[in-house]
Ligand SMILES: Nc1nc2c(c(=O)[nH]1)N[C@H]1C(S)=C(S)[C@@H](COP(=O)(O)O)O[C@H]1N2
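Before any questions on binding or motion, here is one chain by itself as C-alpha cells, the form predicted alone.
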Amino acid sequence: MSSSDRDQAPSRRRFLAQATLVSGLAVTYPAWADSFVDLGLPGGPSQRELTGAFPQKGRMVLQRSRAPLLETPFETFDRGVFTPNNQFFVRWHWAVIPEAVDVASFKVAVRGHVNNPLSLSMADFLKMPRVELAAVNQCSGNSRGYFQPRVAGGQWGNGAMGNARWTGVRLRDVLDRAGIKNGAVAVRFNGLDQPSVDSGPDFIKSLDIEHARDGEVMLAFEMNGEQLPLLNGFPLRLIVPGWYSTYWLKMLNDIEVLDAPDQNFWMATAYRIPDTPHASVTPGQTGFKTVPINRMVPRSFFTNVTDKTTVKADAALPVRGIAFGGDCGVAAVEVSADQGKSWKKTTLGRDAGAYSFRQWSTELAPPRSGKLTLQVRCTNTKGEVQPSEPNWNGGGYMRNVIEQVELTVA
C-alpha cells in the first residue's frame, strides 16, 4: 500500500461537494419488499431476475430486496479487473438502512480501551495521509447456490464479489491518534444499519489488535476514484484486504477498542466455519470445532465463455477470465481441455496488486465438433491450488472448487 501523491485539498473539496448530492438523495425506487428470488442453480427454479430499481446501481441480479442483496451480472467481469461501482454487488444483513447520510453531521466515534476518545468528521479523515489499494471484496457465501446438498442463506451464483481501487486512510493511523492502551486485544466495528426487529443483534464485527494495526486495513471513502455508492457503504467503509466481506463494515460510524475477546453474536455464533481442512465437513456431521471465517482462498473463472457458448469447430479457441489468490497474489492460472489430465499455463495480465483480480488469457487448439469441457484453476503465491472437489459446510462458505464450462462445438 502506498501513499497517494495527489493534491488532497482539491480532492477534499470535490468529495464534500459530491457528498452533498448523496446526503440529499431522493429515494426514487419502490419500497423494499420482503421477497426472495429463486436462482437458476442446482436444485432450484430457473429464474434470475434483473433489476435497475436501486439508487446508483445499474442492472443487477436481484437476490433479495429487504435487506438488499444484489449480485453482479457475471458478464461484467469480462470488461476488466475493476468492477464498476454501479454494478458492484450489494449485501446487507438488516433492512433498516439510512436512505440518506448527512455528511456535515456524520461522525465516527473511536472509543473503548484508548487514551484519547475521538469523534472524527469526514473533513477530519480527508485531512489525514491518504492511501490506495486494489482489493477484492467477496461475500463469504459467494457461490452458495451451487452447494450440494443445498444449504440455507442467500443463493448466490458466482457474482457476489467485486474488485475496486479503494482510497482512504489507514486504520492504524486512526488508532494511533486515539492512543491504544496496554492490554488491548481487539477492535470492534459498527455501522449505521439497524436490526429490523427488536431482538435482532446489531451487526458488528471485530479484528485482532495486531491485524487492525497491520497498516493494510483501511477506512475507505472512495472506490474506483469516486465516492462510495450509498448501498456500498457511503460515506465510510472498512476495508480488510484478503478477508471475506463480512468484516468490511459499511457506513462505519463506531470503532471500539476492546480489552477482552469479542463475544458478540456475529463473531461467537454467526459466520463460523469448521476448523478443518478447507472448512469442509460431511453433511450431517456434528461435534467439530469452529472458528470465525477469515482469509479468502484462491479462485479463477472463465469470463468470455459459458455453458451456453457455441464455438466453431476446427478454429483456434481464445479463452480468458479472471483470478485472484485470496489473501495473496496470483502465481499461475492453468486451463485444461481433457478433464484435468493435463494443464496449460495461461498468460497473466497486468498485476494490480496482491489482493486484486488478475486477468488471464490463452488460445486453445481447434476443437472437434460435439461438446468441449474446459476447466480453470489458480495457484496463489503461497502455493495453494484450487481443489478438484468442492468443500461443504452448513454455512455455504468458502467455495473455490475448480470451475468448468461445457461448450458446444459446431
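Fair warning: this is a prediction, and the values are worked out from it, not measured in the lab. The numbering used is simple: start at 1 and walk along the sequence shown.
Separately, the form predicted together with this ligand exists; it is not shown, and the next lines address it.
Contact annotation for Asp193: at least one heavy atom lies within 4.5 Å of this ligand in the model of the complex.
With a 4.5 Å cutoff on heavy atoms, Leu249 counts as touching this ligand in the model of the complex. Contact check for Phe106: every heavy atom lies farther than 4.5 Å from this ligand in the model of the complex. When this ligand is considered in the model of the complex, Ser206 lies well away from it, no heavy atom lying within 4.5 Å. Site residues Phe89, Cys139 and Asn232 are all in contact with this ligand in the model of the complex, judged by any heavy atom within 4.5 Å. Out of the listed residues Asn85, Ser143, Ser245, Thr167, Ser245 is the one that sits within 4.5 Å of this ligand in the model of the complex by at least one heavy atom. Note on contacts: among Arg188, His93, Arg320, His278, the single residue with a heavy atom within 4.5 Å of this ligand in the model of the complex is His93. Look at 131-139, 309-317, 332-340, 77-85: in the model of the complex, residues with non-hydrogen atoms within 4.5 angstroms of this ligand sit in 131-139.
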